[in-house]
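First comes one chain, alone, set out as structure tokens in the form predicted alone.
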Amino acid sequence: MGIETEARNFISEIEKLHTIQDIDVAKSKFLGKSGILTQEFKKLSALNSEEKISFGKKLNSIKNQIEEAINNQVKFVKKLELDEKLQAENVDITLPVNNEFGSLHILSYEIKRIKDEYKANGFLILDGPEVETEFFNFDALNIPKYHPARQSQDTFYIEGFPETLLRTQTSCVQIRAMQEKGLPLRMISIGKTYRNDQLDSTHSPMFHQIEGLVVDYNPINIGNLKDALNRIVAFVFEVDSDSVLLRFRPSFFPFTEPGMEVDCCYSKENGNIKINKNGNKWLELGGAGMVHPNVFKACGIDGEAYGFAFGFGLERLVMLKYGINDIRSFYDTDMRILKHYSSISNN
């Protein structure tokens, strides 16, 4: 049987194969080290020059035909395998729907709740740049040049821009709002802030702050502040406002006069915090106070103005509400934690 006949037979047989493994076995028998065509090439050494040229061309032509047939069959088999796989993985639209979808992160859920509540009550929901200038973050808030908060051990300054920093508080949003919108103004701001803190169970170099501001040319007093704080604590912890008992402790903040730390009465039940005016413990929530006159001046507010402001760390409130012991849990990628708290927030 001549090599041409054997090549035709091989091509005919190769077209019947339907697995890559079978094609590789057949290829080895014809083109391998001991293959039929390889043995024919070895005969060239016994031929004279003219015969070598003629026979060599014929063998190379046969080799090209064989390789083309193999490549075509490989493509055909791969397409066949893909079609079978697609057919096997075809979606049955009559099957029940998978109801496991993505959900809001617990912080995103609480932020949305608070924003929706305050928007419904006529407050502006505002935010500003996270990269701020010293004027908006410190100067306009009556924080003097020598204040420790302005030092690099507490604040992230932008290299090459000595008066530019990552905002340490959302109070700078209040300054921008009063400059742009004037008085009267009722607003809240919830956003990321940055402090040069070591990451541990209760501290983070990045955290969210919720800030509230109510200012007007008409008199506003501490009684109004107390009522506003009572409302937000009741809303965040989802209790009746009559259950909330607040305590003010005098404290110094450059941007308030007077300034105070705000505590809330609570009790512990089964290891969980319960906001309760009949409780026996006090929970520190954050800072508040009446807006300092120098802040109004820095904002270009003419005339006598009144107002209050408060600021709480959002992560702290959420940790207290849900009994979370480690702030790092909010930014962990452990799906067990994420699913657990997302299931709570989406109930």
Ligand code: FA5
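Position 1 is the first residue in the sequence shown; the rest follow in order. Bear in mind the structure is a predicted one, so any value in this text is a computation, not a measurement.
One more form of this protein, predicted in complex with this ligand, exists but is not displayed; see below.
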Listed range touching this ligand, judged in the predicted complex by heavy atoms within 4.5 Å, from 25-33, 297-305, 284-292, 61-69: 284-292
Does the 4.5 Å heavy atom contact test between residue 256 and this ligand in the predicted complex come out positive? yes
So in the predicted complex, does residue 211 come within 4.5 Å of this ligand, heavy atom to heavy atom? yes
This ligand contact in the predicted complex: residue 279, any heavy atom under 4.5 Å: no
I'd like to check something about residue 204: if you look in the predicted complex, is any of its heavy atoms closer than or equal to 4.5 Å to a heavy atom of this ligand? yes
Within 156-181, the residues that have a heavy atom no more than 4.5 Å from this ligand in the predicted complex: 169, 171, 174
Residue 253 and residue 152: do their C-alpha atoms lie closer or farther in the predicted complex than in the form you see, with a change of 3 Å or more? closer
Direction of the Cα shift between residue 253 and residue 149 in the predicted complex, where the change is 3 Å or more: closer
